[in-house]
Ligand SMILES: NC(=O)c1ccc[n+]([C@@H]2O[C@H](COP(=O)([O-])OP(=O)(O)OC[C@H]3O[C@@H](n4cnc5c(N)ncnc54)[C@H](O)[C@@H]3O)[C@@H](O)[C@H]2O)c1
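In structure tokens, the next block holds one chain alone, the form predicted alone.
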């Protein structure tokens, strides 16, 4: 085979770090992606998004000629292993959209060959791996289907892929062995389970994190409703007390995974995941809560409000499902004017940080970028749910 591994959808946050890392281990890796602009950027040694330590390693593997690119699917046929980086999104009713995955598999079938290993890397609805395996059987293809979910923290992918255990599952013993051999290049810490167990392990993990953030946000609202600073309570709860060491701080819990995966888990359990739905109401309702609390103190229609941080998390340029934009939409109805800034996000509608700080009557720190710790904001109302300024979190 011309390539050891083909990463399908390989120019994104999940696929590209994996491609770079495998290439750095000596594998011939081809990135297949229909986003030709992202391909050209990557071929030039530029990562299309924020990822710590990725560009130096990218330049290294490009120089060694171990990383290759294609915008057409014929390279799948030339690869010993194909890794598919496409998950299951949810629709406007919060139900999984299976048709997208079926269409992708139908497009890939002509390029896959008997005996090939196909690794599903993105989160999927429980049972979808088996359905994909069945689709291949129905199409007359003998493919070793494996599900090995990514577990990275965006922005820390290169570090975490080599330091976190890799979950391995497949419908054949050969699939398990070959997937294990692939990911043992990254770490020797492998956990082998059945495919649906692997699917649920990923969904349970993301839902657990989403629930924890919801608890923190609910406690924050309770404290704030009684005019108390949540962070005094937080300190009392967590200081030298191991039972609460994993208790997160409140803040906008967003991004492309946590909410989506919680809703997928609920759909899988016939919408009986009541904790998940409650977590959604709390986390998704936090922007509304902030605006309603400000509305009790000010006539918002007379105020210019600035939002600092539009990415869904700190030190990121990723705005997918960011609650900062939901906050902006609400305020555009309620406030005189809304000004937004983010040092990482490329968005023509954003203002520069200096303008936001100077012209806004009220400042909301919506993403906890580390640089905000140095801000000196005087004579303005500041909403700092994250307590990034270390002045407390009261609204």
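Every value quoted in this text rests on a predicted model; they were computed, and no experiment measured them. Numbering follows the first chain given and starts at 1.
Below, we turn to the form predicted together with the ligand, even though it does not appear here.
Taking the partner from elsewhere, every residue among 35, 85 and 152 has a non-hydrogen atom within 4.5 angstroms of the ligand in the predicted complex.
Partner contacts here mean any heavy atom within 4.5 Å of the ligand in the predicted complex, and among 168-176, 121-129, 182-190, 291-299 they occur only in 121-129. Out of the listed residues 323, 265, 148, 257, 257 is the one that sits within 4.5 Å of the ligand in the predicted complex by at least one heavy atom. With the partner omitted from this view, the residue of 319, 104, 90, 211 that lies near the ligand in the predicted complex is 104 [heavy atom within 4.5 Å]. The closest non-hydrogen atom of residue 202 lies within 4.5 Å of the ligand in the predicted complex.
Interface membership of residue 388, defined by any non-hydrogen atom within 4.5 Å of the ligand in the predicted complex, is ruled out. Contact annotation for residue 395: none of its heavy atoms lies within 4.5 Å of the ligand in the predicted complex. Residue contact with the ligand in the predicted complex: residue 5 places no heavy atom within 4.5 Å of it.
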